[in-house]
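Next comes just one chain, in structure tokens: the form predicted on its own.
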Amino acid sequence: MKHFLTLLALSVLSAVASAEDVLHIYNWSDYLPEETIATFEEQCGCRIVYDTFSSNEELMAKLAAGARGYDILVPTDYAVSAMAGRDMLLELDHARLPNMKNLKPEFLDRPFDPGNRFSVPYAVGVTLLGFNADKMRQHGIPTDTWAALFDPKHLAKIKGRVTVLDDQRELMGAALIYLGYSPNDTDPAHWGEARDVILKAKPYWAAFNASNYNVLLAAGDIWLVQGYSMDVYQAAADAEEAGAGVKIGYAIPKEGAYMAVDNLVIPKTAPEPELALRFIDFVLDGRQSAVLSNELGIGNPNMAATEFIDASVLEDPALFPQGDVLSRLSNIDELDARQRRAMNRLWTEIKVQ
């Protein structure tokens, strides 16, 4: 009898272990602090599985191809609109998200998701220039303008030491700004001009890179990148910690740039929608949200986090832009189906030539 009870106990324990809740998150690389993961796992008695993508187009293409099993996605503003329009997202129960009260009003009820039916803002980033400060100074290359990335007279001095984002909207948007247009301009003639600017600069670039460019920049292998503020901030910190004499700077180009609001959403196919709601409310807590900024150098839409964010991060104008700089930043607008096809054709031209 005792032996039977022991076996029964082991069977129950095994069943409990096998029934462990698992939250599957599909997110940008290095976009969730380890501390946040560990704390949530401890509180919920669950486990987080973390997969990554490198662009919104990759995210949407994978879902469109039938990918299932994810509970939390982190798309940028325009991608939220596109995914909601394709009936991919679960409508959120705001009563289950009391910490939404912590969000700054200016980041709520945006055109890409009126009433925040499907999304809550998670993080804010700016696309900017990251650079090896000494190399740029030695070669006399300006670091406050997109000309550094597109003008062959500058690029000839640093050929093979430049990377751009492997993201059609980001790169085309930067080229449009460089030409004096809105990054959301949809005039086919202007798109053609932007393509030509990119093709003239392309021979001088080392790669289209949206994954490890920050590592290459910190190591001194690459001297100039088009990158996201969080990644370049981390590259600067890594270079300083390495102590190899590489000094990384970063700046928002004076002509303007994209500012992205990345959001937490739950796909309709989520296996654990209740756990996903718990996770969203957890990261909207002010202290937890501050960890995101302090650990990763990310701009923050959470007003309750402000008092917990380190001054050095909060006062960094590239992470928390203010005034005139903020007025020159644009969100990425969604394209309609015809425009998406045209953009894809241009992107194919750019990549194959």
Partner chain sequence: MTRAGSLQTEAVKRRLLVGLPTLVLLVLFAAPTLIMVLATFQFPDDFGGLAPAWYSDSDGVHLDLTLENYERFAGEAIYLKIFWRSLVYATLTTLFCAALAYPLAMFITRAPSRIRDLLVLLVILPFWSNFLIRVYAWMSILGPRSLFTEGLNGLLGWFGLGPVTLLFTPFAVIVGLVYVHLPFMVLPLYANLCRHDPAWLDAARDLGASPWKTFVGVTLPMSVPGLVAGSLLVFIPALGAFAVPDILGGAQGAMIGNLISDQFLSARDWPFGSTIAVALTLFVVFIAWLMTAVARRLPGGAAHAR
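C-alpha atoms forming the largest set that superposes within 1.5 Å between two forms make up the rigid core. Residue numbers count along the first chain shown, from 1. What you are looking at is a predicted structure, and each value in this text was computed from that prediction instead of being measured.
Although it is not shown, the form predicted together with the partner chain is what the next lines describe.
Counting non-hydrogen atoms within 4.5 angstroms of the partner chain in the predicted bound form, say which of A251, M259, A82, I141 makes the cut. For this set of options, the contacting one is A82.
The partner chain: the contacting residue among N99, Q168, T145, N116 in the predicted bound form [heavy atom, 4.5 Å]: In short, Q168.
Stretch in contact, per heavy atom within 4.5 angstroms of the partner chain in the predicted bound form, of 53 to 61, 36 to 44, 309 to 317, 286 to 294: Residues of 53 to 61 come within 4.5 Å of the partner.
Residues A219, E349 and V352 all lining the partner chain in the predicted bound form, heavy atom within 4.5 Å: Yes, because A219, E349 and V352 each have a heavy atom that approaches the partner chain to within 4.5 Å in the predicted bound form.
In the predicted bound form, is there a heavy atom of the partner chain that lies within 4.5 Å of any heavy atom of L103, even though the partner is absent here? Judged by the heavy-atom cut-off of 4.5 Å, L103 is well away from the partner chain in the predicted bound form.
Does at least one non-hydrogen atom of K247 fall within 4.5 angstroms of the partner chain in the predicted bound form? Close contact is absent here: in the predicted bound form, K247 is far from the partner chain, nothing within 4.5 Å, heavy atoms only.
Mark S211 yes when one of its heavy atoms lies within 4.5 Å of a heavy atom of the partner chain in the predicted bound form, and no otherwise. Although the partner chain is absent here, S211 would touch it in the predicted bound form, with heavy atoms inside 4.5 Å.
Tell me, yes or no, whether M136 is in contact with the partner chain in the predicted bound form, where a contact means a heavy atom of each within 4.5 Å. Judged by the heavy-atom cut-off of 4.5 Å, M136 is well away from the partner chain in the predicted bound form.
Quick one: name the residues from 323 to 353 with any non-hydrogen atom within 4.5 angstroms of the partner chain in the predicted bound form. Stretch hits, in order: E334, D336, A337, R340, R341, N344, R345, W347, T348, E349, K351, V352, Q353.
Core-aligned C-alpha movement of R278 between the shown form and the other one, 2 Å or more: Superposed on the core, R278 moves its C-alpha less than 2 Å between the shown form and the other one.
After core superposition, I'd like to know whether A201 moves between the shown form and the other one (criterion: C-alpha shift of 2 angstroms or more). Yes; A201 is a residue whose C-alpha shifts (by 2 Å or more) between the shown form and the other one when the cores are overlaid.
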